[in-house]
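Below you will find one chain, with nothing else, as structure tokens; this is the form predicted on its own, and questions on how it binds or moves follow later.
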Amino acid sequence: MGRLRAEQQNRRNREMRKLRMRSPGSGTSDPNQLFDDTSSGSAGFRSQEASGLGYPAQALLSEPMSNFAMAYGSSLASQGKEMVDKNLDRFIPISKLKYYFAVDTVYVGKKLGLLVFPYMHQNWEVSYQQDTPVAPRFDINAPDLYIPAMAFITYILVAGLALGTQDRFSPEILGMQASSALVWLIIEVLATLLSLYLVTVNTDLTTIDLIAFSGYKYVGMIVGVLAGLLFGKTGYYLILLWCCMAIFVFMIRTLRLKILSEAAAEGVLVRGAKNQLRMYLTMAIAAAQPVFMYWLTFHLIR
């Protein structure tokens, strides 16, 4: 009996050891631990929760930085724009250029008619409003840059057309034509400025005014070249002669109010050496227009 009880007791002890070995957390678990360790699961949950809360926190931190960067960039852009406008206005008066392009369709039509037929026009004075000349669209006598600019571009296109009809067109020749016309325009304006300085003329003519008046001759040049393409050399010479006379009269009647004295502008006899020089200068500027018109167009008609 005693041996049987000892065997049963040994069997129970072995079963108890097997149960302890099968319990969770074996290897590092404490045999006296009453509850399972779930700290690993809770740590994973906390890490997931922290990672879920991290994106809004980063967004809250990044929004002020992006707003600051945008504000700083816009301030730099505005400062750069002001600096460019200030330096650009020093060399190119943008505000003044807007005045010379303030035209409309009615003004352009009337001005073109005046350039081709100026003989019937009576009042050549520029209108003023509070010591400031009115915009060209309100006064046909006011100089503008729209017609000279468009006439210059159209002249280059018509020259290309004339060269193309004669099988002489090439981009190099057209470029030389445009460069030559531009160089002669600059030379003309610089010579006029130098002459006004040497004669000591006290006038309100500006450099932009001289560019505008010098650019009006391209209208007659375009008409002359088109007449040459349609009617040959005879039509070219007849129409160009008419346009040369028209631009000569236009320049005389326009510039005499700017260069000559008030007495000469009112039709009083010009007296004095200074007024004589001013009169000669006005006639020289007007007479130079037909010369340039012929020089820049005669080779386009054959």
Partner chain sequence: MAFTLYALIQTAILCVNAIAVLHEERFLSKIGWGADQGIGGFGDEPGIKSQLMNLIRSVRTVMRVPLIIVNSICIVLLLLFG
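All values derive from a computational prediction rather than experimental measurement. Positions refer to the first chain, counted from 1.
Keep in mind that the form predicted in complex with its partner chain is not shown, yet the notes after this line are about it.
A residue is said to contact a partner when one of its heavy atoms sits within 4.5 Å of a partner heavy atom; Thr165 fails this definition for its partner chain in the predicted complex, lying far away. Contact annotation for His299: at least one heavy atom lies within 4.5 Å of its partner chain in the predicted complex. Using a 4.5 angstroms limit between non-hydrogen atoms, Trp184 touches its partner chain in the predicted complex. Residue contact check for Tyr119: none of its heavy atoms lie within 4.5 Å of its partner chain in the predicted complex. Checked against its partner chain in the predicted complex, the residues Thr207, Asn123, Ser170, Thr200 give one hit for a heavy atom within 4.5 Å, which is Thr200. In summary, among the residues Val106, Leu157, Ala77, Met176, the only one with a non-hydrogen atom within 4.5 Å of its partner chain in the predicted complex is Met176. Taken together, Ser180, Leu194 and Trp295 are fully in contact with its partner chain in the predicted complex: each brings a heavy atom within 4.5 Å. Stretch 186-194 is the answer when you ask which of 186-194, 227-235, 127-135, 96-104 has residues with heavy atoms within 4.5 Å of its partner chain in the predicted complex.
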